[in-house]
Structures are given as structure tokens and as C-alpha cells.
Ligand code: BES
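Next up: just one chain, as C-alpha cells, the form predicted on its own.
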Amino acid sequence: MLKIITGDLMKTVSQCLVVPVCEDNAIHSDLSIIELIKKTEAIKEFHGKKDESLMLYHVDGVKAERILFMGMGKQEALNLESFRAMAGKSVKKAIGHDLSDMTFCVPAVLPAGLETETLMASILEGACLGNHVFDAYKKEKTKKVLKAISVFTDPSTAEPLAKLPARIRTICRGTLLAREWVSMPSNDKTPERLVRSMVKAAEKEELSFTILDDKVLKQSGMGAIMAVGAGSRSKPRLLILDYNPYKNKKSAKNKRTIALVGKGVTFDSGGINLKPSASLDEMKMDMSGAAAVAATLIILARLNHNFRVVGVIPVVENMPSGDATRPGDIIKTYSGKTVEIGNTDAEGRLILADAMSYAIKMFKPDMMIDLATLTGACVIALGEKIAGVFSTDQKLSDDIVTSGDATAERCWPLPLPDDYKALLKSDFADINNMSSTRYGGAITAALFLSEFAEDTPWAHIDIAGPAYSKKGGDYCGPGGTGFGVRLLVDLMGKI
């Protein structure tokens, strides 16, 4: 439960009161909070520096059982992510102490460039996202999440933001759902089972859905999806989730449709071009784009979003076998274009090609965005915490970067140079799925996809780096990060 509370801070009953502290104590104006901070001055180990923390128990005059002071560093360096991280770390400490509730003091003196609503939203986000333990496969459940998380502020702030906790909870629950899908082992999320799980979640919302099985995919001419899934006993699926607020409104004005396409490879062995064994166990995360798109649709439905958004999600397993697609094979895509298979480990772009063509033909979207753990080259270029953005529409690219900054799901724009298209030339087919050079792999993969975007404004977000974390972060445990969910929700509210 997330909630905003007001009243007398000293009389607030809580197992843990969290007070963020700067080195110069400049973010609080409430005298009672300032007096609490003064109690830390005698502790030489705590100065309010970033990542410092101090726990005091049974403080005189305070109803809270303990007070957790969290160092924030210098005020001029603070941003929204500082408060998300502080809240996430605080909740993790509370879980470690087996607590059931926690209350955060919201700073009254805003650092430069921050607003009350977004600051409070960041605290709620960090706390809610940090309040998660993925232990579905453990016999002993040693950690318990908090039952209640509160933020304390003055009544003049609380009243206009009364609906904020419910909104943040909805967004975070969707993000956590995406994380769990990604962290789930591949033996429990074959294409059929993952789609079934997504549909089960979608059925609870105002979403319509359609599932195309392997027989329909073959009949429909989706040769790229079928080629990638050919080597697996678990047959491919295409899931369509449709959030359409116009369907019961005959005279709705300014109708528009956005298509979101998410790569769903439930396990990527590489196919005949078998991957090396290092980190092969992490290839369960190659459906992170699909998880992000499905979770985004569920969130938008819960929030009663104001325009139509369609999620087109191809789901396959890429395995080697006697039936697997071979390097050198030529396949025909849903668009009619033929593709020579230069490498069976360049499979994500193939299933996205069919899904993008299908989305354009069936829904005629005003705009299309795909999310995919597409290339290791993008991780080499930008590292593990930043996604790459490629787009045929400059404004869309700028909007994605802006939403990435707002949600700390950072994105960086990369080019789509026309002359690089020559690297995908095939002597025998319309295009090759693999570049003729090892360099610029993220760019050539995006250029391949651009061939299937047609005249639709389109952006590709390569999330190969930030989609999965071995060690976790301030408000995320090890495994799937849910990267892209909050970014897309924010973006849908701005475009």
C-alpha cells in the first residue's frame, strides 16, 4: 500500500521513519525534522554524504520505533533519480530488518529544477520498485516485502496529490510484472506458456487480445517468425494486445493509434550459429522487449489512457535441431521481402520484421515503436545502463530521450546512415539479416528493421544492455529490470 500522510510527524506511528539528509541540511524547513537531523551531529560517521546511512532507535519524543537518516550528498547534485535511489535503498534496509512499514519525510525545500509532484512520485517509485522480492523458485521465503509505505508531507501538498500514490502503484506493479516475466526461467516460459501468462494478466483489464498460433502464422505468410522458431519443439506465437478507448465512441475526435512491438525470444541459443557458453543462462531475458510492451499495455488500460495503443508481440524460442533454419537459407517475410540468413543468431530482427509489417497492415498506426534486446554491439557502444534509439522521426527520437531522462531509463540517439544499408546487401535475396562487417552491428540491425517500417514514423529502442542486471540496483533486485515500461508509459502521456 502506498499513501500520503500529514499531521504531527513526532506523533506518526511507524516502524521506521526515513529522513533524507544533505551535507548542508538544506532540503528541510520543518523544525521538527531539523531537530531530528541535529541528533546526528554527534555521530562522527555520518555527515549526510551520498550513500551514508544512520539508524537511531527509540528517539525521545518520536513515536516511530526507529529513524533512518539517508545521506544524499550535496544539494546542488540532487535530481529525481537521487530520491528514487534513496527510497529504494531504504526499503531494502527495511526488508533486511524484517519490518512491515516505512514512512518517508518529503523535503520541503526543493533542489533546483525539481517540482513537488515529480519529487514525491520519485520517492514513491523508488520505494515501490524496491519493495519486491523474486523468490518464486525458492523453498524458503526468507525475505518479506513491506505491507505499507507512506510519505509524510504538509496538507497543502497532500491534497492536490491525493491520486498520485494509486497512479504510481499501478505503474510500478506493471514494471514488477515485466521483471518477473524476464527473470522467469525459460523452461517455465515457452512461447505458449508466456503468451498464456500475458493473456491471463491482460484479461483483468480493458484489453482485447488475439493469439496467432504456428498454423495461422504459417498460413498468413509470416516466414520470418516461423524460420526462427523452426528448430524448437515449442512453436511460435504472435500475441496482439489492443487497448482501444474509441471502440464504444462513434464520434471520437482526433483518433490516433500507436503500435508497440516487443521482441519475445524466450530462450536464445543462437540456433545453428550456437552462442558460446558464457552467460548463456541469461538468454532467458531475450524476451524483455515483449515483457515491457505487454506490461505497458496493461498499465495504460488501468490508467484509462486517452488513445489507442496496440501491442504486437512475436514470441519464439531459438533452438538448434534438425529442423532449424540454416545459414544460407532464404525466407520470405510477411511483407513479401526475402531475407538471406547470414546468421541464425541475428533472429530478433527477423521476428520483429514480420511483427512490424503485420502491425502496419492491420492497424495503420500513426506511429510505431519497437523494443528489443537486439544487439551486443549496442552494449559495447553504450554500456549496460543506456539503451540506443534509432528513429526515422526526429521528434519521436527526442521525445523518447526526454522520457528516458524523466524515468532514469536513459536512452541515447544513434544514426541510421543510408550508406550503411549496403552492408546488408545479398546476392540472392532482397536483404541479408547479417552485416558483411563486424563493425556497427547495432546500426545495421536497426537499418534492417527500417526496411519494414515503410512510411510509418518509427523508432527502435535497443535495450540489450539495461534489460537485465546480474547484481541488481538501488531499487531493483538481480534479474529483469523492467526497463522500458516506465519510459513508454511516460512517453504515451506526452506524445
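Sequential numbering from 1, following the sequence displayed. It should be emphasised that the depicted structure is a prediction, and the values quoted were computed from it without experimental measurement.
Keep in mind that the form predicted in complex with this ligand is missing from the display, and what follows is about it.
Asks: Can you tell me which of 202-210, 123-131, 283-291, 180-188 lies within 4.5 Å of this ligand in the predicted complex, counting heavy atoms only?
Replies: Selected stretch: 283-291.
Asks: Of 340, 214, 242, 345, which residue is found within 4.5 angstroms of this ligand in the predicted complex when only non-hydrogen atoms are counted?
Replies: For this set of options, the contacting one is 345.
Asks: Going by heavy atom distances of 4.5 angstroms or less, which of 415, 376, 221, 327 would be at the interface with this ligand in the predicted complex?
Replies: So the residue touching this ligand in the predicted complex, by this definition, is 376.
Asks: Answer with yes or no whether residue 434 is in contact with this ligand in the predicted complex, where contact means some heavy atom within 4.5 Å.
Replies: Because a heavy atom of residue 434 falls inside 4.5 Å of this ligand in the predicted complex, the answer is yes.
Asks: Hey, in the predicted complex, does residue 317 get a heavy atom within 4.5 angstroms of this ligand?
Replies: Flag for residue 317 set to no.
Asks: Given that this ligand is not shown alongside this chain, does residue 275 nevertheless sit within 4.5 Å of it in the predicted complex, heavy atom to heavy atom?
Replies: It does: once this ligand is placed as it appears in the predicted complex, residue 275 has a heavy atom within 4.5 Å of it.
Asks: Would residue 349 show up as a contact with this ligand in the predicted complex if we use heavy atoms at 4.5 Å?
Replies: Contact check for residue 349: yes, within 4.5 Å of this ligand in the predicted complex.
Asks: Residue by residue through 109-127, tell me which have a non-hydrogen atom within 4.5 angstroms of this ligand in the predicted complex.
Replies: Residues within 4.5 Å: none in this stretch.
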